[in-house]
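To begin, one chain is listed below as C-alpha cells, in the form predicted on its own.
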C-alpha cells in the first residue's frame, strides 16, 4: 500500500517561499519544540510561506509526517494553488460537492495519477472539510464577483 501526502505548493516549490511545502521544499529544524521540516532561511529563521488555503498556510509539518517521510513510508508531493482550484471546480461540476481547499490539493494529485493507474486499482482519498468557508477566496482567485 502506497501513502501519498499532498502539500500546498502555492505558486510553485521552485518559487522562493511562495509555497508551504515544507517536506518537498524545506529542511529539518525546530519550531514550537518540535524537530520537523520547516521553511527557513540559512540562519534557521522561520520564513512565511504562501498557500491559497488558510488551513495549509503554515511553515512546518507535523512530526508524524516528518517521520513517515524520513523512513520512506510515505511520499510527499506539492500541488499548486491553480491545480487545487481546478480540482475544486471539477468536484463542484461533476459531483456537486463544494470541497474545502485543503482536500482540493489532494484531489488535484488524484487527477494527475488516476489516468495512469489500472482500472481495478483501489485509490482512497480523504475529502474532509466544507468548501463554503472558501467560497470568497475561490471566487476572488477565479475573478468572479459575488458581492451582489
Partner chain sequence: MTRIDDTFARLKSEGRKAFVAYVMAGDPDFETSKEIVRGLPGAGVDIIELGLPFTDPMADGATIQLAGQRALAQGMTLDRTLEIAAHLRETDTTTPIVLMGYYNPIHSRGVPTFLEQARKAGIDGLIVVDLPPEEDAELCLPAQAAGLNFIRLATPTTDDARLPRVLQNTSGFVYYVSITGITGAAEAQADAVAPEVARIKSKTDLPIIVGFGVRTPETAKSIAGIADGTVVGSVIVSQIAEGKPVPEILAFVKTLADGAHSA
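Remember, it's a predicted structure, so these values are computed and weren't measured experimentally. Positions refer to the first chain, counted from 1.
As for the form predicted in complex with the partner chain, it is not shown, yet the points below apply to it.
Enquirer: Flag this candidate site as yes only if 112, 116 and 125 all have a heavy atom within 4.5 Å of the partner chain in the predicted complex; otherwise mark no.
Expert: None of them does, since no heavy atom lies within 4.5 Å of the partner.
Enquirer: Counting only non-hydrogen atoms, which stretch in 99-107, 80-88, 61-69, 42-50 is within 4.5 Å of the partner chain in the predicted complex?
Expert: Going through the listed ranges, the match is 42-50.
Enquirer: Give a yes or no for residue 30: in the predicted complex, does one of its heavy atoms lie within 4.5 Å of a heavy atom belonging to the partner chain?
Expert: Yes - in the predicted complex, heavy atoms of residue 30 and the partner chain come within 4.5 Å of each other.
Enquirer: Just checking whether residue 56 would be counted as a contact of the partner chain in the predicted complex - the rule being heavy atoms within 4.5 angstroms.
Expert: Flag for residue 56 set to no.
Enquirer: Taking the shortest heavy atom distance, is residue 121 within 4.5 Å of the partner chain in the predicted complex?
Expert: Taking the distances in the predicted complex, the answer for residue 121 is no, it never comes within 4.5 Å of the partner chain.
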